[in-house]
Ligand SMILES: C[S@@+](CC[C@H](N)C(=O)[O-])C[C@H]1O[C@@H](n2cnc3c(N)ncnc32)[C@H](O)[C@@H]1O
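Listed next as structure tokens is one chain, alone, in the form predicted alone.
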């Protein structure tokens, strides 16, 4: 009989250490059950002591690749006898680290974010790695309770917490019903502007479902054709109470509305504020350049004044040397005529 993930986790007495909340283990038993005997690829962001990677190796016996990434440089010392397990050390949000992970495995069936839990890192990680999630795959974010804490860039109603971000994504699932011209990309980019990341190229239309449990968010991915509402179908023949017209148009008319206008304005303001540090740096650089040019100008002015003084002195000296002989010759001629 196949052991549950919780049983595997609790039975470990050696190997690298790991810790998980008990409710997570119960949740993973159900969420990962259809994949347990498949040749899956797993990515975990944030591995701490490295033991969780061994748990995934035991839980998915047919797994092909199990990749961990952690910013802690000490993780370079983690060594595994299982050739399926590998470690990348560095900031998961850095393009070079993403490239290193993609070089190990181009596509993952399960991605678990157990990293810093700071909102900016959670949102950046999603922008980076959701495109690497396979069709039918699961993207799991642990310890979402941190999004309620100010020290983790969150708060109960803070509009740019990681939880607020995933709540926004639930609207994207239903984007075909919006009576607004606002696009899903525009809605997500407000978070991108806040945390300096881009959602260009992120297949937001492939978000199939978002499940929230205590401190965990699970996003499933499917091709966009599986995510549409589809066509209306009927059953039975007696519609004596309410006439059924399957051809009736039920799609919304896309048009500007006050809320999308406010959302765009909010996004523009956030983007403007996000660009302030860059603009401040540019202004400081230009001011330093101006100061340097002013110093050079002052030096040039001083040099010009010095040269003018030399020229005046030279002129006076040259005039004396020329006029003295002329005066002597004039007096000589005068004497000779006399």
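Residue numbers count along the first chain shown, from 1. Keep in mind it's a predicted model, so treat the numbers as computed, not measured.
From this point on, the text means the form predicted together with the named molecule, which you will not see here.
Comparing 108-116, 149-157, 234-242, 179-187 against the named molecule in the predicted bound form, the single stretch with non-hydrogen atoms within 4.5 angstroms of it is 108-116. Screening 134, 170, 72, 213 for any heavy atom within 4.5 Å of the named molecule in the predicted bound form leaves a single hit, 72.
This chain is drawn without the named molecule; in the predicted bound form, the residue among 164, 204, 92, 197 with a heavy atom within 4.5 Å of it is 92. Under a 4.5 angstroms non-hydrogen atom cutoff, the named molecule in the predicted bound form has residue 52 among its neighbouring residues.
The shortest heavy atom separation between residue 19 and the named molecule in the predicted bound form is within 4.5 Å. At least one heavy atom of residue 47 is located within 4.5 Å of the named molecule in the predicted bound form. Annotation for 119-154: the only interface residue with the named molecule in the predicted bound form is 121 [heavy atom within 4.5 Å].
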